[in-house]
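Only one chain is included here, represented as structure tokens and corresponding to the form predicted on its own.
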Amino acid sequence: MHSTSQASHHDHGPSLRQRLAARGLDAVTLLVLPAALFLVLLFIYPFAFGLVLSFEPKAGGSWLANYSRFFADPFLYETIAKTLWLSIPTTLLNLFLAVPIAFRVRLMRNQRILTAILILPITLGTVLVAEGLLNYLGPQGWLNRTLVTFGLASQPLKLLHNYWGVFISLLLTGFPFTFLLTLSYVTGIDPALEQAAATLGAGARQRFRHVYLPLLMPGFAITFCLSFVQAFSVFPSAVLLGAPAGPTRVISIAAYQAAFEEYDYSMASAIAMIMGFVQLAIVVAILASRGLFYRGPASGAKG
């Protein structure tokens, strides 16, 4: 009787749950499925739909007609250079400003209060920042009134509806994001490394150059990429504070005009694909260059 039950059990074999677990599909792994489905519905499907749509020109013709039209028209392809000319300098300047401030803030007792003040522009949003700049930097704004009143300028400075208006806006809205990422990397380095370098006679500049900089470069690369992608997708600032038909006609404006002025969603999708490819190329180039500065483990200097 006992041997019969053993044979019966052997015939049935492992249960379905056991077979799934053997393949790595246990109960914990299945919890990832909702997130994966959300990712597919929100990101992958729209991207795939837009990619296919970009190869279906509204006027017909070759499947590459939209891309040929974009790169044949200077009014369209020059938007790439104009967007890069805004996004790369602002990203570099934000990173350049965030580093010394992060090193200073990490030593302060009231770090949370100062950090909250520095990240305030995030809570305001791009549109509110743009409206504030219109009031402060406009011809009758507080800055120009002060300069003219005290004789520091003979006439109001033109800081809006040009390149500089968008540049300043991107600095204000991008700095908090860059600063928070930089601060997290700076505070994550073990202070014992700096102390050891100081004990060996290294000055402040030498400690930064030979200790901190090699360890921070991978983090700086990631910070640059994330901040660059944010700046490259600029749209409200370019419209409200720039010259949408001139030096601040960024690629997002070209996509908007194709979709909502020309009602050519196929062309708009092609511009969006080009926009994504340019961002991807910059990000891949930056991330690939990280190994030139530091080849150790990413967490090797964490305290």
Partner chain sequence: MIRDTTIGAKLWATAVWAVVGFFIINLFAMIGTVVVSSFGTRWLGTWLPAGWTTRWYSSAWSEFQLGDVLIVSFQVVGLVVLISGLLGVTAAYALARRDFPGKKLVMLLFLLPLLIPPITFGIPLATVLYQTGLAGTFWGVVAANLVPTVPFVILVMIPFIEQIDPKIEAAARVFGANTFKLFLHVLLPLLLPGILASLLLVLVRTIAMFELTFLVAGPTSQTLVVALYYAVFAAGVRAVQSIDAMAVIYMVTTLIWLLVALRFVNPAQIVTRAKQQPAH
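For the two forms, the rigid core is made up of the largest set of C-alpha atoms that agree within 1.5 Å on superposition. As the structure is a prediction and not an experimental result, all values here were calculated from the model. Positions refer to the first chain, counted from 1.
Same protein, other form: the form predicted in complex with its partner chain, not shown, and the subject of what follows.
- Item | The single option of L213, A198, L92, L84 touching its partner chain in the model of the complex, heavy atom within 4.5 Å | Contact with its partner chain in the model of the complex is made by A198 alone.
- Message: Taking its partner chain as it sits in the model of the complex, is P121 in contact with it (heavy atom to heavy atom, 4.5 Å or less)?
- Response: Yes, P121 lies within 4.5 Å of its partner chain in the model of the complex.
- Is F75 close enough to its partner chain in the model of the complex to count, meaning some heavy atom within 4.5 Å? Contact check for F75: no, nothing within 4.5 Å of its partner chain in the model of the complex.
- Message: Considering non-hydrogen atoms and a 4.5 Å limit, does its partner chain approach Y67 in the model of the complex?
- Response: Y67 lies outside the contact set for its partner chain.
- Is the gap between F220 and its partner chain in the model of the complex 4.5 Å or less for some heavy atom pair? No, F220 stays farther than 4.5 Å from its partner chain in the model of the complex.
- Query: Counting only heavy atoms, which residues in 188 to 210 are within 4.5 Å of its partner chain in the model of the complex?
  - Reply: Heavy-atom contacts within 4.5 Å come from P191, E194, Q195, A198, A204, R207.
- Message: So, superposing on the core, is the move of A36 at the CA at least 2 angstroms between this form and the one not shown?
- Response: Yes, its C-alpha moves 2 Å or more.
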